[in-house]
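Here you get one chain, nothing else, as structure tokens; it is the form predicted alone.
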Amino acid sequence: MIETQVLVVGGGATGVGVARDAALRGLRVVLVERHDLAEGTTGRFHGLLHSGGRYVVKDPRSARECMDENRILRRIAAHCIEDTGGLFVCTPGDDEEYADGFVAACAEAGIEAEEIGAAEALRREPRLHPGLARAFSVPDAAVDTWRLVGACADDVERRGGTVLRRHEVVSLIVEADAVRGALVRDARSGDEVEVRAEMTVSATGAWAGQLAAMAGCDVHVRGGRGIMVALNHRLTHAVVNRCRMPSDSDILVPAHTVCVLGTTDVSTDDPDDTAVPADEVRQMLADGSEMVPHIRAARVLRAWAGIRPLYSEGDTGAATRDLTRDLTLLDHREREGVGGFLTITGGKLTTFRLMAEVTVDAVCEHLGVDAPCTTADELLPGSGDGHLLTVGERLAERERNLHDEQIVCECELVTRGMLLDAAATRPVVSLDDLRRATRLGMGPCQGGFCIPRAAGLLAAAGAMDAPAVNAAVRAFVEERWKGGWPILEGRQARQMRLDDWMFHGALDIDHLPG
């Protein structure tokens, strides 16, 4: 049995943010996550650090929160953020009167928006639609979510907290009208352990309803399924948004060596509904090309979907696109008379730190602890020098170690040392764990060349035995295929046929032991 003051369920950005905030305030904290960290919604979005411009006309409160948190994260998590800047552009057919309202709303919300004119926008971004009418610069940026979540988790452990990956909640411990922790199961060993806590926080996003039901509570989170598409290189230097009310396919985010087009918004009550219909992908690409015509000719690497957890008290059944992106904290003592239990939901990755602050303020109130939040000032591990992430940093490092380090993944410049270091510093169950840690297999070959090398290195280093690494290769290929089939055409179709021949023809992975 583990005893703690705070149990956090959910290892996405919000969960690790809550755990870090609690640890910084001197509370004993345990975080449990049924999969790897950031494997759910946090790891399944486009990577945009919002300025708030996207919501400023429709949801100005959320927009202000985004701008405030954008400034804070640039300071405390610099090594996770690339300062790409952002543009809002009016393409042919867009309502230019919306742009006037956009500028006024940005001024009201404190968002630094400047009209730069179509000619200047095309000078900065030659691949934009040549017929665009107006353009505005905003302080959007790109964020590496896996690096961000990893840094938060490292800080939790450094401050004495515990992070239990691959520990699923079997049941909540409910005694005398209060939640007193949870019974969790280790997915690797099958062992079960009680984690007894004075306060339990659900940071489970779209799965919040399922966890709340274990305590007899009712939380109805609306899921908004959004599809993203990765293109094989950066078509723009900056984040590009269409200057209109939020709709499908109107965000393009440069992310490391690729760019990501997003997104859609389809209502679903199933938090595991990450289907990627091929017709929705084709429509996204067509719509996105109205903003950046070169999208039509770009090579599409992969498509995936994530579920936005949206919450609206007294939900009227409105379309998920129309629901607020604001955060919501539910105190189940006030709502249902169940003490020791909070649910934090809604919000966005950009506001995860604020969500954590609001939650831990409530935790401290319940516990009678007087400890102020310091997460707006405490730097995350790795951000001490204040240097922002740059797209060229891996290439620069490669130039320095050209004769000393072997390359495992040419697409993402993952070296042997990076791979083995990542395997040594975390419990590795799958090659997908290492993909999130290093970006292994995320380039054009989608693992076709690098995964066999990585598997051999992991087995040789003793990080996995041969049967385990064989099973890991099969699981990785299967997962990549899920994101590949909806875009199976053109040059990427040829790549996937080659990958299939290597994995199933040459290596015969389906008949390897394990």
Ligand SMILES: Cc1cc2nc3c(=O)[nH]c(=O)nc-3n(C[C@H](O)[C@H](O)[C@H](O)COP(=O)(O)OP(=O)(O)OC[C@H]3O[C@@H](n4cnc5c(N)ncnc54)[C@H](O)[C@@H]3O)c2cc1C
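Numbering starts at 1 and runs along the sequence shown. Only a predicted model underlies this, so the values are computations on that prediction, with no experimental measurement involved.
The same protein also has a form predicted in complex with this ligand, omitted here; what follows describes it.
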Tell me the stretch among 97-105, 417-425, 290-298, 201-209 that has any heavy atom within 4.5 angstroms of this ligand in the predicted complex.
201-209
Pick from T84, T350, N241, T343: which residue has any heavy atom within 4.5 angstroms of this ligand in the predicted complex?
T350
Within 4.5 Å of this ligand in the predicted complex, do we find a heavy atom from each of V9, T42 and G47?
yes
Taking the shortest heavy atom distance, is R34 within 4.5 Å of this ligand in the predicted complex?
yes
Hey, in the predicted complex, is H167 touching this ligand, heavy atoms inside 4.5 Å?
yes
S249, heavy atom within 4.5 angstroms of this ligand in the predicted complex:
no
Given that the partner is absent here, does T263 sit within 4.5 Å of this ligand in the predicted complex, heavy atoms only?
yes
Only counting heavy atoms and a 4.5 Å limit, does any residue of 280-313 reach this ligand in the predicted complex, and if so which ones?
G306, I307, R308, P309
